[in-house]
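Alright, two takes on the same chain below, each alone as structure tokens: structure 1 and structure 2.
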Structure 1
């Protein structure tokens, strides 16, 4: 009989250990997509985890197209998309968390202060090959373009009425930080990235400069005022209406509790 009692105690102890393990397991919320939104959601996720120790927020970039695909296919709980949803994406629900603009950037030592619309088109289509043609040094222009699947590329092409096959790029980059590092490391390069990311990095000494667009300075303040001509909404998207832990995180990302994080990264917070 003693062995039966010992066995029963062992079983109960095992069940107790299993219950303890399940209680200690964290709820995982996976976000994938836009490299513009990813750094912001990483910071928001850390703050959310501090308030909810039983939750783990896993943020991965890869572009807005990945965010849409992963949300649709159930590979992510939430997709990050730095543009408005398209008509054929009506199966997704997009929740705005902030606004951002897209700006051309050059190296800080580049003497060119502005480019006209025609000059931008000429540079990106290879018709203008030397900086001296637009008021700069007599050096070759290194054109940096975004990879396909990036919403920044789509918006840039749409604004300048170009097709990607028309672009004559020497360098193709993925996320904003890669673009900024490329331009910061090459005084002859020109690229385009998120205003929020570029302002944030320039303010911390990265040797880049944001160029005005159509006479409007590329600043957080001008995006906020609606003056900057190339801006976009930053969305968190879900398959259907958000629910459960994903809904709670999205609500937190829209709340006043993270407004300082939005502003720290030079994005425009939602109206209170």
Structure 2
């Protein structure tokens, strides 16, 4: 009786395996994690699939912690993590694919040249209400914040050790372009957006100015070099050294072939 059950199971398992094979001859690479990286990896995955028709790239977001957990437990081939790995995550190998930096922006006509950390915190929590308190005109400050759930907001909050509830904003915006248009149209506004987008627009004559932070200029190059304080690295993590199809995909994601995709998502490529 028992061997019969075992045989039935074996047959079923065999059938299952066969069905699995015939359904998809394709190699499947599963990526999970950071919702900041997910849109980028979806685009990169699409391009990779076009070049390798036998591979399917499956991207699911769910936060950096999920990326770490899934890569560790083998739920995903590759985890997406939008921060440096912590000491207790040394069992994982993180490979950077791009960097992400945020700049504070003001209107070009605003005389304020820089804001200290304390001033930024004061302005965003509503304790500093007038530009005159930080060396500007005698006018009300218009604080521009990001909508809940955006990764730019998350990075901004964690850098200044703020909670979103503490922020007293006059304008809440969605994407970077909306933030730039809001500041460009209001000489009293201050906001923060991805450096890639801000630098591009400022270079094309949009009346905004990127403020330096802690003495470091907000530029592409400084983000690239890891010098700019309000920036982070975007990692693909694997359990141990990456191997097989996952490794090929990671190498592709680091290559010059996807540089345009990285820039499209307003991230900063690793190499100059």
Partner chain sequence: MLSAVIVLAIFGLVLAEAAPLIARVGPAAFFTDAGWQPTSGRFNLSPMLWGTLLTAAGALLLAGPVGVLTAVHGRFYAPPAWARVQRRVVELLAGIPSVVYGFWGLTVLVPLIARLAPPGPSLLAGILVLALMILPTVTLLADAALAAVPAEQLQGAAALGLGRWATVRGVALPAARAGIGTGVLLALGRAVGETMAVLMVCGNVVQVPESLADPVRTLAANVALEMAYAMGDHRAALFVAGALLTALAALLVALAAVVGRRHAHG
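All values derive from a computational prediction rather than experimental measurement. Numbering follows the first chain given and starts at 1.
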Exercise for the section: Can you spot the form predicted alone among structures 1 and 2? Expected result: 1
Completion exercise
Quick note, rigid-body hinge between the two structures among 124, 68, 183, 100 located at 100
Completion exercise
The rotation of the smaller rigid part relative to the larger between the two structures, from C-alpha superposition and in whole degrees, comes to 42
